[in-house]
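Heads up, the chain below is alone and in the form predicted on its own; it's given as structure tokens.
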């Protein structure tokens, strides 16, 4: 009886102070939250994490402190395990790649459908429209809270052998690809020999000539000076783009007050807008200064004509058709319609 009276007294005190048990739980913030990134600053991807973390710290007046873990170091560098680790709580927050998370969330393969998005307006039509909202719903059901979109960029192909202007130029070439079966199917259809490996393993393989080429956003070429690992030829073909997603682990999200949740979400949206501008800088201008910079490194840069690109589109169409049911026929059709209706 005395114990009951003590509990009742504590409850009354808490009520008098305007504190509920939920709010008491929400005040138990961690001293530091772990954010996973594949790449760190100075890349646009790394900048996405840094801008987000800085905005959150400033706007929450230090209540939420975030430490960046680039190189997916929280999961021993295996970027394909990142989404699972987020769900399990090994990782608190992340700015992650749709490609890397596509093995766990099959709908994210949408962005890897070959030649679906012909320009940046097409990317925006998906991420900023109904398709983007639908994908966020899918991610939330999978156990992670999505907040905003960023961008890793269009993935262009480089190699040490020759200019690539047609599928025939790729025949027999060993190309490093990310850990998605769609990419293996795609490069096999083009006559190449796709080799799946992490980026940490790819760099020495390119330097030694064990692998001939790779595909990645062009900022990586300039940051890593990839001409020094034998990459003497670049072709811009815009075959897939890789949006990034700002997310928080569900339990971590629930531990924050609604006011702090709103701050973290708005900070993600603001950071995403800034990062997309950084990722596109030098590529959206008429003279594409990034391509000039790469050519200045002694690299041969090939920009496909619409007719040349159409040959690649035709060659990869069987892969597109094969993967459409996996991604979801309705989702792909909705994406195609959104792109067709985009404002350019």
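Not measured: the values here are computed from a predicted model. Positions refer to the first chain, counted from 1.
FYI, the form predicted in complex with a small molecule isn't displayed, but the following is about it.
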Open item on the list: Counting any heavy atom within 4.5 Å as contact, can you tell me which stretch out of 39-47, 289-297, 309-317, 54-62 lines the small molecule in the model of the complex?
Closed with: 39-47
Open item on the list: Is residue 127 near the small molecule? Define near as a heavy atom within 4.5 Å, in the model of the complex.
Closed with: no
Open item on the list: in the model of the complex, does residue 235 come within 4.5 Å of the small molecule, counting heavy atoms only?
Closed with: no
- [ ] May I ask you to check whether residue 152 falls inside a 4.5 Å heavy atom distance of the small molecule in the model of the complex?
- [x] yes
Open item on the list: Can you tell me if residue 242 lies within 4.5 angstroms of the small molecule in the model of the complex, counting non-hydrogen atoms only?
Closed with: yes
Task: Heavy atom within 4.5 Å of the small molecule in the model of the complex - the one residue of 249, 160, 195, 216 that qualifies - done: 216
Task: The single option of 120, 199, 136, 115 touching the small molecule in the model of the complex, heavy atom within 4.5 Å - done: 199
